[in-house]
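Taking the form predicted on its own, here's one chain by itself in structure tokens.
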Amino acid sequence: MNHRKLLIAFIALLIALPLLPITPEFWITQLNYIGLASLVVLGLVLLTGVGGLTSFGQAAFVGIGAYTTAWFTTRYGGSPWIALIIGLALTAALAFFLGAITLRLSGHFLPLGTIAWGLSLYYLFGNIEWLGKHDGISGIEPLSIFGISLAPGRNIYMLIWLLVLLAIWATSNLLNSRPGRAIRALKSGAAMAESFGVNTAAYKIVIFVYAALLACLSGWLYAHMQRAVSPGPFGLTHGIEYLFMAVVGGAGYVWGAILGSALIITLRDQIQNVLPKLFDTTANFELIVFGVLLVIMLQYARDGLWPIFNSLWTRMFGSGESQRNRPAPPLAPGLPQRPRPKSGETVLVVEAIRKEFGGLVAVNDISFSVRAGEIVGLIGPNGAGKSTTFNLISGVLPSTRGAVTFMGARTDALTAREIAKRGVGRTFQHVQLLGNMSVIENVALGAHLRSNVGVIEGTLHLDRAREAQLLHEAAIQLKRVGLGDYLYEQAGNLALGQQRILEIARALAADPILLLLDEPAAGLRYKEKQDLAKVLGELREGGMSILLVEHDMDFVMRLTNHLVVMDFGTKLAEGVPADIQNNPAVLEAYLGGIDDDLDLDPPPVSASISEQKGATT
């Protein structure tokens, strides 16, 4: 509620400033430049802060918008509104082409790639004859709406900030939608997202194009505000400055785009006035000062200034309703469910599957099967190859040879995304959650394939009915696993055991036929393990197939129908739990052999292997 009041006050101030005759014209001009920069930086928030894709070339897209409208309106006398459509179409096509090439790069090669095409476009602007070379294009007509000229700064101010607020609204909608959750997974959870059917490569291109379109819009406005364009504002220096604004404001926060733009543009103007007087020189020192400020920022406010401002505001005025006390999502129609195989029907067949990493054989010709309504345990000492086998089944890793058949069709050559579409859900050995997202949003990501909301629908807020379905399904699964009281808690705030349970809820939201659980009981207390065993037992009774990797032998022996034992990548034994517990090869793998000279009473059949290890010790 208090944040809504802040927004209303901000909008009221924006409207009032140009209407007050006492507002200096200089302030209006500064606010116009802040608005233009905010559009570009907002795209970088989505691209770099949220998506993790660093770009130094956004200024070049600003240039495309500016030069398109300048050339079209001055040479052909065309409408600037038609020029905007042409510029956006040209930018989208070019950004798609550049993104398809550049976004294949990773690490430091990606920002280097953006520098390369950014410089190329900049020099292109300055060397094309019909674009005026380095002199540019002048004489651009001002915009007009309903016969009202926007040539005065106070008039175009309203249009600039209206478009900025609309862009923030659209971006916020996008981030809080089905495609937005996928986009937020790009930075730190891309492999996990692929395992739930997210096409991460496509979403990277989506946000790249989205950011380029916002930059193009800024360039279009800039051209008609300045009434002239030249290559200078579209070079690498400005590209770096836009990125600096995003970092200072808070690269992961939508409103950080305005805060960062306002702060840097104001500081730049003041530094340019102060430094020459301070050092009695006309040399350009502002870049040095900005560099020092960036170092300080990275040292003391790595997430930017917006979180600090937001925290201070909350401390002074409160945050309104507690996130923990928010009501559950409203009831919504259920999502479509997959048809289930009949009890006892073979769901998964693994045939002589093998994985080699150079000369290391991690999985050595393993074979086993899983039937509907059955829990199969995949056990073995640390380093036995269990998690690698999981990754081969789920498509995270390609197999060297062998075959994996799921529901009668070969899947060993498919990607993790394609296998997820067929009905395989999984958790991970090392928890893979999006810690800055709420618990319910993490689970809703698991149901990504059960809805078809697109980017445009999410951006325009046309997805409310289907979004309600996704959140309702997520709430059902969280209640099912005992996390119904933590819907709006940040996932990163949960204890490790709760995070593992959360991963199970996310996998269940995908409505899988086969559930792969990699050490789900690790970090859980005894009561939590009992509750987990109850949930898994209910899933089995409902016909779900479960393949389980776990080190807690008591948990495994009491829960599973069938066990496969691995050691050094090789299948050591297979059978029902009672037989596995008394298998000499299994005991030797776990215990390193039993001294024949020791006079020990044989342990009861119901004892776990871990209990036998304790007795021997």
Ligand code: ADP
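Keep in mind that this is a model prediction, so the values were computed, not measured. Sequential numbering from 1, following the sequence displayed.
Beyond what is shown, the protein has a form predicted together with the ligand; the following relates to that form.
Enquirer: So the ligand isn't shown here. In the model of the complex, which residue out of Gln498, Thr200, Asn436, Ser387 has a non-hydrogen atom within 4.5 Å of it?
Expert: Contact residue from the list: Ser387.
Enquirer: Which residue, Gln337, Gln299, Asn382, Ser106, has a heavy atom that falls within 4.5 Å of the ligand in the model of the complex?
Expert: It is Asn382 that has a heavy atom within 4.5 Å of the partner.
Enquirer: Name the stretch: of 355 to 363, 108 to 116, 257 to 265, 181 to 189, exactly one has residues whose heavy atoms fall within 4.5 Å of the ligand in the model of the complex.
Expert: Partner-contacting stretch among the options: 355 to 363.
Enquirer: Can you check whether Thr400 is within 4.5 Å of the ligand in the model of the complex, heavy atom basis?
Expert: Taking the distances in the model of the complex, the answer for Thr400 is no, it never comes within 4.5 Å of the ligand.
Enquirer: Using heavy atoms and a 4.5 Å limit, would one call Gln429 a contact residue for the ligand in the model of the complex?
Expert: Because a heavy atom of Gln429 falls inside 4.5 Å of the ligand in the model of the complex, the answer is yes.
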